[in-house]
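Here we start with a single chain on its own, the form predicted on its own, put down as structure tokens.
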Amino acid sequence: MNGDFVVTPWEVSGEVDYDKLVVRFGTSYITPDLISKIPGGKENLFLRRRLFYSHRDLDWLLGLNGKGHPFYLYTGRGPSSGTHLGHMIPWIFTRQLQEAFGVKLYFQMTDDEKFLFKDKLSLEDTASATADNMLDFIALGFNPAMTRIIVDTRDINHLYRTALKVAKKITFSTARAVFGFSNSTNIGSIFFTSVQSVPAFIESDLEGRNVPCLIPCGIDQDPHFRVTRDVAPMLGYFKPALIHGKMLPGLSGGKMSSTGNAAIYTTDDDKTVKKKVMNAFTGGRATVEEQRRLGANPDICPVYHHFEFMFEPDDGKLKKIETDCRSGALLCGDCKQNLLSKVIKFMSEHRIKREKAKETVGNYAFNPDKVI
């Protein structure tokens, strides 16, 4: 993507302007009217703070649902490393939607994608990451009676037939235009988007009738599903609806990447978490005196954004953090200490749930013979 920032399914760089993305991608804003049609929508942290802010056909899907036509959810993870907090944002929001509507969820683990797109990863590496990431997903409290995890390399026999039908409708020129593929791109990467499309149609295949699908995801994943949506009518499926989220900034600034100290992983111990939080980039001034006098800038501060996305659900308290930051009443060191205590508490609780998840992994396995 040309311009002052880049957003693709594989790269996010620069200072992302989310309003510009709506124009560039041709999506629509989530309006207060749409939020009112989501049970608990007005109280939902991600919606009221516009952290999930953009959509494709959400109005159509909610309209059908209001007339008694249920839908299902689909989201996923490309397992190439451990899980960090940024990965968990769309999962938490997806769980909230599942609970609000009481609907099924298919969670796709695209281990094939990571093997194909990352030269240094072996299939053994992606298998290990898949098993590890599953624990973090399950630990967030998804209903095993309504949730199935699809692992591409494990479950490909249930995906391949539909993937072939999708692939036959996608030309190389389309894939190249959307994803920037070149003559040196391996052919597996070119085929992959066909596999990623399948869960958007899988409930329709299982039910033998068209079932609407809603995909919550980071807006960087939108290009994959633009292709899916283009192909859907050619194959007789509904176009999947999408709801797009913003990306949690990394502690070093920019997107929370999987390298360096930008990301807090669920497997980090308390000492590592403390080091990452206390060394984080901020919107503060060079000296305490200058910050007391001029204030700081929470707009560019990942510490503030961690409160906004996850760690301060009270809007009044979040507003006070922002106001005190701008006025200079709150110093960055104190703000980091506040965040650290909340992150440590979250991580401690999550570790316990993650350990318990090892006992229930099998309850989430995809088996089309057992309809959920």
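Quick note: we count residues from 1 along the sequence shown, nothing fancier. Source: prediction; values computed, not measured.
Below, we refer to the form predicted in complex with tryptophan (TRP), which is not included among the displayed structures.
K.L.:
Here the chain is shown alone; which of 228, 126, 110, 83 has a heavy atom within 4.5 Å of tryptophan (TRP) in the predicted bound form?
P.N.:
Of 228, 126, 110, 83, the residue with a heavy atom within 4.5 Å of tryptophan (TRP) in the predicted bound form is 110.
K.L.:
Ok, 223, 245, 240, 76: which has a heavy atom sitting within 4.5 Å of tryptophan (TRP) in the predicted bound form?
P.N.:
Only one listed residue qualifies here, and that residue is 76.
K.L.:
Does tryptophan (TRP) get within 4.5 angstroms of any non-hydrogen atom of residue 193 in the predicted bound form?
P.N.:
Answer no; every heavy atom of residue 193 is more than 4.5 Å from tryptophan (TRP) in the predicted bound form.
K.L.:
So, in the predicted bound form, is residue 217 in contact with tryptophan (TRP) at a 4.5 angstroms heavy atom limit?
P.N.:
It does: once tryptophan (TRP) is placed as it appears in the predicted bound form, residue 217 has a heavy atom within 4.5 Å of it.
K.L.:
Is there a non-hydrogen atom of residue 148 within 4.5 angstroms of a non-hydrogen atom of tryptophan (TRP) in the predicted bound form?
P.N.:
No.
K.L.:
Consider residue 114 of the chain shown here, and say whether it contacts tryptophan (TRP) in the predicted bound form, taking contact as heavy atoms within 4.5 Å.
P.N.:
Contact check for residue 114: yes, within 4.5 Å of tryptophan (TRP) in the predicted bound form.
K.L.:
Quick one: find which of 209-217, 278-286, 155-163, 182-190 has residues within 4.5 Å of tryptophan (TRP) in the predicted bound form by heavy atom distance.
P.N.:
Contact-bearing stretch, as computed: 209-217.
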